[in-house]
Each structure stands twice: as C-alpha cells, then as structure tokens.
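Given as structure tokens, the chain that follows is alone and in the form predicted on its own.
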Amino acid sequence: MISTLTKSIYINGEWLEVDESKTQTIYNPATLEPITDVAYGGKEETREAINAASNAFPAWSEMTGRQRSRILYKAAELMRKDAKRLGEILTKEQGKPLPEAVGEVKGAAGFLLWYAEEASRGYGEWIPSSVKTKRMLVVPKPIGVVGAITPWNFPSSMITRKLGPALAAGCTVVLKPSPETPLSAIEIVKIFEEAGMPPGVVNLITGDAQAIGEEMLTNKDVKLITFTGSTAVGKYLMREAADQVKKVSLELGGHAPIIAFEDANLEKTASLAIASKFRNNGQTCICANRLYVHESIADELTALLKEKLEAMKIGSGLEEGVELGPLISEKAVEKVEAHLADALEKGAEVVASGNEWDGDLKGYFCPPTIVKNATDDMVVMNEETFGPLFPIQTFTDEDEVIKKANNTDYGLAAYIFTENTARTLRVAEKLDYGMVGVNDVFPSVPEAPFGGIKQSGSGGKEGGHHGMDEFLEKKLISIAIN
C-alpha cells in the first residue's frame, strides 16, 4: 500500500507540491509492491525548469572554479556518508543487490569528488602568433543550460557522471531521470540542496519522457542534451536536435565481446566473465554479451562458468547473500526469453541455468542462463539482450575472432583475456571499440574517459578530464597591440 506522495519536481530551489491527479506509481521490481507516487510532469514544468536554469546560469558560470568545487566536495562527502540508505532506496526501485547498489552510490560520489577537483582546471591556451602585432587567447566558457537524461540501470552514477562535469564547468542543469527510477535522483538533488547549491543551478523533472524531451529539444535556452540510453532514442535526439544545431552527447547501447585466448588464466577469466555478464543481472551497457573461447580451453572454461553460475543466489536485492536480482520490467524478461528461444531453435545447448528464486517473490525474475554452440545467425549474437543470457562460441584463429568481434554496429566495450603482451597490444588495437579491457571487465572509473564509437556513442567522452570538454565552448580572443 502506498503511504506517501513524494515530491519529485524541483525548480529554482523549491520542491513543488505533488498534484494527486498527475502522479505515477513507482514499484519494487522484485515484489511488484508499490513504493510511492511521484509527480508526472510535462512540457510546462520543463519549460519552467529551463527558465530557472537559464536565469541561474550567469551567476553560477561567473563563480570561480574553486567556489563551485566546494559545493561538489560537500555533495560527494554527504553522498558517501549516506551510502547505505541511498543504496537501499536504489535497490527498492531498481532491483540490484544491495552491495551492488551501495557500491554504485559510492562510485557516484567518486564522480562528484573527481569533478570537484577538475573544476579549477578548465585551462585556456595562449597561441604564439604568426603576426607580430597580434596576441591570441583561447578561453574555455561553459556552454549554458544542459538537459541531462539518465537511465534506470545505474540511477545514481549516471546522474553524477553527467552533472559532475557540467556543474564543474559552470553549466546549469535540468535533470530528467528514468520514469522507472526517480527516487535516487530525488535523493541526489536533496544532497546538492544540502551542500549549498544555489537555486536554479540544478532542477529536476519527473514524468512524461516524451513531453520533457521535446521541450528540451525545442527550447533554445537548452544548449546541450546529454543522454545515456538506447541507440534508437539516441538517433531520435540527433535528428530532432538538428533543427537548432543543438549539441548532443550520447552514450548508447553496446554488444561487448569477450575473447578468451588459449593462454588465458582460466580461473580469472571465468570469475570476471561471470562478474561482467551478470552484474546488475546483465542490465549494463558494457557487460559481456557474447563469449568467444579458444577451442583448446573451451570445455574447461565452460565447466568453470557453469560452477560459478550455479552457486549464485537469486532473489530480492535486500536479502542477505543475493547476487542476482530481478529485471526492470516484464518486457525485459520477455526479451531474454525470446533471445533464448531463438538460440535453442538454432542449435544452442543450455550449459547452466541459475537456481530458482524464492517462490513468494512475484517480481520480474528471469533464470540466468549460459548456452554453448552459439552461431552467428542467432539474435543473441547480434543484438543487445540486456539480461542474463550468456552465449559461448569457440574459435581457432586470432584474425577470424577479431573479425567476428568487430562485426557489429556497436562499439562501446570489448574484453580480451590473455597473458601474452604482444597479443594484448595487437588485438586491443584491432578491436573497433571505444574501450578495451585486458584481463579487466570494469573500465568505468571517474578518472578515465568512458564512451563508445560507431552506433554506441556520439560526442565527447564521459569521465576523466575529458568529461568536461562537452560542457565547454572554446572562445578565441584575438588582440591587436599596435
């Protein structure tokens, strides 16, 4: 039973009252029980938020980087101190196991900490002139109001990975979180509020995704839209933004391969492959989607994968020891089931399927499954499943497996397992991906650039010092001195 209506629209430093006739219910995907209601905002609220961000921009952008950094430092500290409570909220609305959720919150705080440090490092440039009577400066200036659209699979860290650099650069923000997971966004905005963020600098709108997005696209005061989500939506944003030549920064889908060569450390490979594939129950854009294994180690590695998968506990993310929670929706479960049915029809064989979850749970649970004998014509080998289905295909030739790994429109992340230094460099350079992990499946850290190529992304990288680039315009100042 719903006990509260949660204020979820924050504009110009004020939480707006929730109109009970314009609300949506947020459910726990593990139990299907309602958690709370939040406001269902639209174009009008978004326009008001953009106006507030536009009005706040001059004062915020004219602050020194050090002044902005103090607020980001404070927000990072508050988030880390409250990580357990924030993790519990995240688990209730999204489903991932509590240790994963707490880890995500701490990682989200890490992005705020990193960009608190970067806020004072928006360096310009002095260009030596070819003309004796000229001096030329390149000055970085914040782009303006940013529309940030974030996904449900990482509802805390995807927010701070966008807002951290935007705020550090001097931009103001209108944030639209996923309709499935607005509660983490609400808590993050409360943290900014407690940290002393001036009114209008950060604004939050929950509700009608299409109406909110359309206002961001058509409103001339929004200078950049930064989006993480599906490639289909990313393409839509690119098309619509073209009318104003509005800048877009897109982090989109992936179809990450793992290649395990004959000299791979089998225990390490099995452990990390399972950790990658079944993190957040396969609902990550950089998780392993297909596993290519050299035929000489295929039987042994497959046996290890089976052993590790069958030891994993499935259930509500708030239960002790649970490693696999629910998927986000019934539609997500149906997609995994369709990919599995297609694979089995085309000759795949089930190697392992996870233990049954608690029978009392009525949520969106789906058995984690590993299949072997995967072929190139299977849907799972070509489309992002975004769920707990792991196909295995064997190979013998290095050039052949690189070609197979690259044969996709996606180009976000790829992974290789080998103990050979020469092979590491050779294969990593040939893989057409924005990120390549070598004996490592967790490339996302605050200090490193994150992003893909091909249809996995457009615009600048997120993370590292590169993360501020999208939020800064470079202005040339040419000075005649005679």
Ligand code: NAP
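Numbering starts at 1 and follows the sequence shown. Keep in mind it's a predicted model, so treat the numbers as computed, not measured.
There is another form of this protein, the form predicted in complex with this ligand, and it is not shown here; the text below is about that form.
Exercise. Which of 364 to 372, 115 to 123, 347 to 355, 143 to 151 has heavy atoms within 4.5 Å of this ligand in the predicted bound form?
Worked result: Of the options, only 143 to 151 has residues within 4.5 Å of the partner.
For this session: Decide if the three candidate residues Ala414, Ala448 and Gly463 all line this ligand in the predicted bound form, where lining means a heavy atom within 4.5 Å.
Result: Zero of three within 4.5 Å in the predicted bound form.
For this session: Could you check which residue among Pro388, Pro97, Pro326, Gly253 gets a heavy atom within 4.5 Å of this ligand in the predicted bound form?
Result: Answer to the contact question: Gly253.
For this session: Check each of Ser249, Ser316, Ser178, Thr269 and return the one that places a heavy atom within 4.5 angstroms of this ligand in the predicted bound form.
Result: Only one listed residue qualifies here, and that residue is Ser178.
Problem set entry | Distance check, Cys285 to this ligand in the predicted bound form, heavy atom within 4.5 Å | Close contact exists here: in the predicted bound form, Cys285 approaches this ligand to within 4.5 Å, heavy atoms only.
For this session: Spell out, yes or no, whether the shortest heavy atom distance between Ala343 and this ligand in the predicted bound form is within 4.5 Å.
Result: No, Ala343 stays farther than 4.5 Å from this ligand in the predicted bound form.
Exercise. Is there a non-hydrogen atom of Leu167 within 4.5 angstroms of a non-hydrogen atom of this ligand in the predicted bound form?
Worked result: Leu167: no, not in contact with this ligand in the predicted bound form.
Problem set entry | in the predicted bound form, Ser230 touching this ligand (heavy atom, 4.5 Å) | Yes, Ser230 sits close enough to this ligand in the predicted bound form that at least one of its heavy atoms falls within 4.5 Å.
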